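Before any questions on binding or motion, here is one chain by itself as structure tokens, the form predicted on its own.
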């Protein structure tokens, strides 16, 4: 592999002019969807505190709003932002233009059709009722088509590359494309095959649900971090060998861990044990990645004071470490007996999706947007405010849900306590979650404002220059 992303860029024989149209469309659109998904999150969190809130409006019931929020965050915001960032970094790592900007823009148009269709159908009550696979089958088919279009564009770019050696981010993005195809087809189509019911369907569903995080958002999130940590800090990656250890161990280990969501459930003991063993083995790729990121920052930590991208990247690294320490620990039977199905789980999931991978994506956005629009960021102060709102709000939410969830599990394991009492006693935890959500949503609004102001300012400047 090449020595660093900086060396790759410097070694080009002639500069490549990137239009970045696809990257711009995906990134800006994704941020808009993030704010919409955040609005749904606030309503959902409010319902935990005031159950009667909007209770008479069928479209705003919990059962309809939660799938909109989940799919909006996962596919409307995070995956779309990651796809846009991939359209930015893969051509630069390959030393060529994107294989087809027209195909990229067409993919973006189809992606918008998918997201808007998801909102309409899910709010209308049309869903499959499977975790992370709520979308009606015809919408899932559109997702597959869009993903094939995205994959063709990325692999086409890689096939025409100037650089024979590939940086680790390219490996992770290629892995993401292949693993997503396998994981998504399993969760959205294999679960609907004749005879796939009951425990068998649950096994496939949790294989998909857990690997949606582990083999979709983890590899593309790490691809982004591996690219932007050296770029933002202007220092070479600490170890390329260590990056390959992390990549191949992730590829081997993660696929077997989904069944740990059904420990103490109606599945075979041997399958539970395998999921526990492989969950603990996840510590190998995690430590390889985290050590590599932290070692890359050696001598550069002072840049955190005024580099908002690095703030997001290194905070995301710590959240990634905490998330991937929690996961193996809560797979242990003794811990799982307390935390399973409690508020601990959404606390854990939010730290992964918001705290780790969304932080990586936002770091990439703050780095990329000024460059693709050839301008400066609208406001560094607003960027820093958005970071602190995300960090304080997110950390408060995660902590409240961890502590509240553990307490909740202890209450559930006490047969003398009526279940309804545990619901009443958890109300203070849900109040903290709502207030924390207000902080996070405020960060989203500032993030959107800063990016849109940067884009609009760049267009006005270009018009004035014309």
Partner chain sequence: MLGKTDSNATWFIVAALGLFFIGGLLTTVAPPLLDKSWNTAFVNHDPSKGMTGELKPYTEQENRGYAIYIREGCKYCHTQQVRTLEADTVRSGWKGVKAPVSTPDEFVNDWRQTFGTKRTGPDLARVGGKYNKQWHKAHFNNPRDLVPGSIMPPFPWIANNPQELDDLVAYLQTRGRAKDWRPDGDYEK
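This one's a predicted model, so the numbers in the text were calculated from it and none came from an experiment. Residue numbers count along the first chain shown, from 1.
Here the subject shifts to the form predicted in complex with its partner chain, a form of this protein not shown in this document.
- This chain lacks the partner; the member of 119, 202, 142, 276 within 4.5 angstroms of its partner chain in the predicted bound form by a non-hydrogen atom is 202.
- Listed residues 238, 99, 385, 256 were compared with its partner chain in the predicted bound form; 256 is the one with a heavy atom within 4.5 Å.
- Put simply, residue 264 is close to its partner chain in the predicted bound form: some heavy atom of it is within 4.5 Å.
- Contact check for residue 406: no non-hydrogen atom falls within 4.5 Å of its partner chain in the predicted bound form.
- Its partner chain in the predicted bound form is not approached by residue 40, whose heavy atoms all lie more than 4.5 angstroms from it.
- Of the heavy atoms in residue 271, some are within 4.5 Å of its partner chain in the predicted bound form.
- Comment: 239-247 is the region of 279-287, 365-373, 83-91, 239-247 lying near its partner chain in the predicted bound form, near meaning a non-hydrogen atom within 4.5 Å.
- In the predicted bound form, the residues of 417-433 lying within 4.5 Å of its partner chain by at least one heavy atom are, in order, 417, 418, 419, 420, 423, 424, 430.
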